[in-house]
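Heads up, the chain below is alone and in the form predicted alone; it's given as structure tokens.
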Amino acid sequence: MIRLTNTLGGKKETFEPVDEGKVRMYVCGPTVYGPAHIGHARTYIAFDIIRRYFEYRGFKVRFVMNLTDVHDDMIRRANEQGITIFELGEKNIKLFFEDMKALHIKPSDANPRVTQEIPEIIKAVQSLMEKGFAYETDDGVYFEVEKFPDYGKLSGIGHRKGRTGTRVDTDKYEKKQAQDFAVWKKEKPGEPSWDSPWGKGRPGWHIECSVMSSRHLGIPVDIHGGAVDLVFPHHENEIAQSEAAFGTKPFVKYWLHTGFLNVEGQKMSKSLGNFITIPELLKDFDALAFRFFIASTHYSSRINFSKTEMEKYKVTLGKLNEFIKRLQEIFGGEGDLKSVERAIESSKKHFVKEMDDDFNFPNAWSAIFSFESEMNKLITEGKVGREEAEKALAFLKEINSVFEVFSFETQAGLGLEIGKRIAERETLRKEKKFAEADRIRDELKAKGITLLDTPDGVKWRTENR
């Protein structure tokens, strides 16, 4: 039974999907005016892990992430570069997908783009107009916040608080109230535009996610996620316009938000010189080490990125990979299968318990560290042979299907080759063909691989270990 903290209400709730055994999950994607940064990476890795955990628990997940390819920032950046927003979008979307692949983030089932959803967006705006929730001005079409009594139920910022409903330039045209927000913006010089019942123009920022999530997932969506800075105004406005336009409540059952990422204790910004893009990150740090760093903090907590911290996580992950390598190097011997199975069962139970409790990443890791400690003790006691090692590795691969941080392949191919040679050597020794057996040992030694005959079987190590 998975429980999660729903931003809507701020309480921990039992997850009950719209359709049994299925999860419909939408995460707000980037505005593709430039390369994605490590704040994006934090959010998308966290939701990748949450998605993977649902799959681990047997759910069939449909995962959708939008791409905002028309926006004030897109227009500004395209004009600076002397290209169209479409050229800018294509360039940065390609880079974004490369970054996601490099970070081992599973591909989305759909990545709808705003520019490809214009007809459906226009239909949603028309619905708002027909139902009396929106009005037209010389500048565009605005959602009238006072017409939606539930406004503020996600963020706690109601329509009487006086804060505007946009993160871009405040609109100055005939709005009835400061918090009314644009669902359609009429054409201005130098901007891309599409035909609409209100003249040429383009979508407002918020309306896009209402349309794309409902089109690709239906209503209600099980889980809608994003960074915490999207709670207001973006997600608050999504709720208002969606429930008003589509007439279905709730628009989303569970809202999840990731915490802020700081860099060296400060908010990341170009003015402070601490703005780090994903390509810049990956020049200095391994992607799996960064995933481990993100996976070691609760998804909703604030996290501080620093080179010192990253080095610590790199070392810790290195030790876990050495543990995996140690298991991969066990090729023979008889062990205590029941002891290993007990360790696996206990650790799996602990892991599931913590992840079921609002995806508690750090507490789930304690189960893995305890398993490592117990297994190393059993190896030292000579209770782990090849069968037991394989069982342990299979369990760690299960865990890795969620976190995707371990490096099983580093030694796997080499280990398979060496394992075959060790098996040949053992056969020769049983046949008392010691000279031929020694020849295999010497051949491996020449390649920098030392065989170790131990009470719990033959092991090997490389000279640079």
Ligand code: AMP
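None of these values were measured; they are calculated from a predicted model. A residue's number is simply how far along the shown sequence it sits, counting from 1.
Quick note: we don't show the form predicted together with the ligand, though the next part is all about it.
Contact annotation: of the candidates Leu281, Val114, Ile324, Ala227, the single residue with a non-hydrogen atom within 4.5 angstroms of the ligand in the predicted bound form is Ala227. Proximity to the ligand in the predicted bound form, taken as a non-hydrogen atom within 4.5 angstroms, holds for one residue of Phe97, Phe86, Phe369, Phe260, which is Phe260.
Partner contacts here mean any heavy atom within 4.5 Å of the ligand in the predicted bound form, and among 28-36, 55-63, 435-443, 420-428 they occur only in 28-36. When the ligand is considered in the predicted bound form, Met268 lines it closely, a heavy atom lying within 4.5 Å. Looking at His40, you'd find a heavy atom of it within 4.5 angstroms of the ligand in the predicted bound form.
Contact residues in stretch 338-359 (any heavy atom within 4.5 Å of the ligand, taken in the predicted bound form) are absent; none meets the cut-off.
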